[in-house]
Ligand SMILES: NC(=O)C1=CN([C@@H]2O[C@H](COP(=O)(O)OP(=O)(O)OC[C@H]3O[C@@H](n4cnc5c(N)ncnc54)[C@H](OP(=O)(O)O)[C@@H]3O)[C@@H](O)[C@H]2O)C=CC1
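Consider the single chain below, provided in structure tokens and representing the form predicted on its own.
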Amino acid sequence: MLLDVVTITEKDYTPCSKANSSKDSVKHMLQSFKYLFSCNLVLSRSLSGYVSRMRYLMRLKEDDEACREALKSGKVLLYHKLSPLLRKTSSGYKLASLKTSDLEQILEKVGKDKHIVNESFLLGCTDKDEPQFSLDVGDLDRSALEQECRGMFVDLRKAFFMIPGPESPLAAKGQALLRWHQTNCFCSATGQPTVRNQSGSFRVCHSSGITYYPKMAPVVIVLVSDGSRCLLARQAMFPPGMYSALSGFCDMGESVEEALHREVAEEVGLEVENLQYSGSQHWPFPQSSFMLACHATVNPDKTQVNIDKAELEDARWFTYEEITEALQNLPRDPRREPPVFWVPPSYAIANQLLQEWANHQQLSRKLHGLK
């Protein structure tokens, strides 16, 4: 799950000397606040039973019988051809979480064996230790299920605009796990069927003895800055008007640093001088990616962009004012016309990079007496 970005305001900063107004001081402050925030997160998790909850989940992953028992009292996120089920509430939409017993009754009403609930995959558990599972029922009639479940199945990209931010990682994880199992039914060495364990944490080929685990492809995503502007790009497949940070898959054997330098050079013809790690995020598109987010800088005298047209439709520099306006005017409804220029919404780690960059620019401007 993405952490909330720490916003640093003028009252958070008390200069101790003239040297503290330097760029190095600003950088040090941002790192310190992020460290303190991380410590608080770890402490709160320990106090809320995080360790016991993780050990409980590990037992469910390893013990098939315990997992089957947990499913009986658990809740299931339902998908239809990888589209999650949403329900409308007084404040908007949210993920539909069905009790196993209720789901079994619904399945019987639409003429399906209730025991297909046992094909669910373990996702995690709530703060109240309620086990959570995902199940795809794409072979059943969609409209009949929507009527019985009092909801609707929505494409995940659209669902991200409709559901609360904290629910996005769970919806993404559910789809990613379902997709992985659907595409790994056979052993790559023997061609024989693979068999899942009850939780869905792995699949085994009994012919070869090979065990397969769900995988994520590492991807670097980087926000490049020349000190006062940041560089955003768009692919032809992006929604109209949307620009995002540069990103690309890591090649075999590459480090994050090597992949980042290479991607920036390939896509926009710039040479990165410095980089700083920001955070990470699971991303379900196009398959299942592990996004490693970084900030990077280039020489302010060498900012001429040379776009690789095979990769990008456009790339250009944006000012602080343009970014802050875009962050404040994110599209809320995918069915409406989006702004002329907009950036990925809050659930995407690209948005986190932009928020951090804007916060850094704001602090830097205040330190130097700029508006």
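Quick caveat, the model's predicted, so the values are computed rather than measured. Heads up: residue numbers just count along the shown sequence, starting at 1.
FYI, the form predicted in complex with this ligand isn't displayed, but the following is about it.
With the partner left out here, this ligand still marks one of 295 to 303, 74 to 82, 241 to 249, 130 to 138 in the predicted complex; by a 4.5 Å heavy atom cut-off that stretch is 241 to 249. For a residue to qualify, one of its non-hydrogen atoms must sit within 4.5 Å of this ligand in the predicted complex; none of 161, 167 and 176 qualifies. Interface membership of residue 235, defined by any non-hydrogen atom within 4.5 Å of this ligand in the predicted complex, is confirmed. The closest heavy atom approach of residue 121 to this ligand in the predicted complex falls outside 4.5 Å.
With a 4.5 Å cutoff on heavy atoms, residue 194 does not count as touching this ligand in the predicted complex; it lies far away.
Though the partner is left out of this view, residue 69 does not reach within 4.5 Å of this ligand in the predicted complex, counting heavy atoms only. Between the options 97, 208, 184, 289, the residue in contact with this ligand in the predicted complex by a heavy atom within 4.5 angstroms is 289. In the predicted complex, 217, 219, 221 are the residues of 207 to 231 with at least one heavy atom within 4.5 Å of this ligand, listed from first to last.
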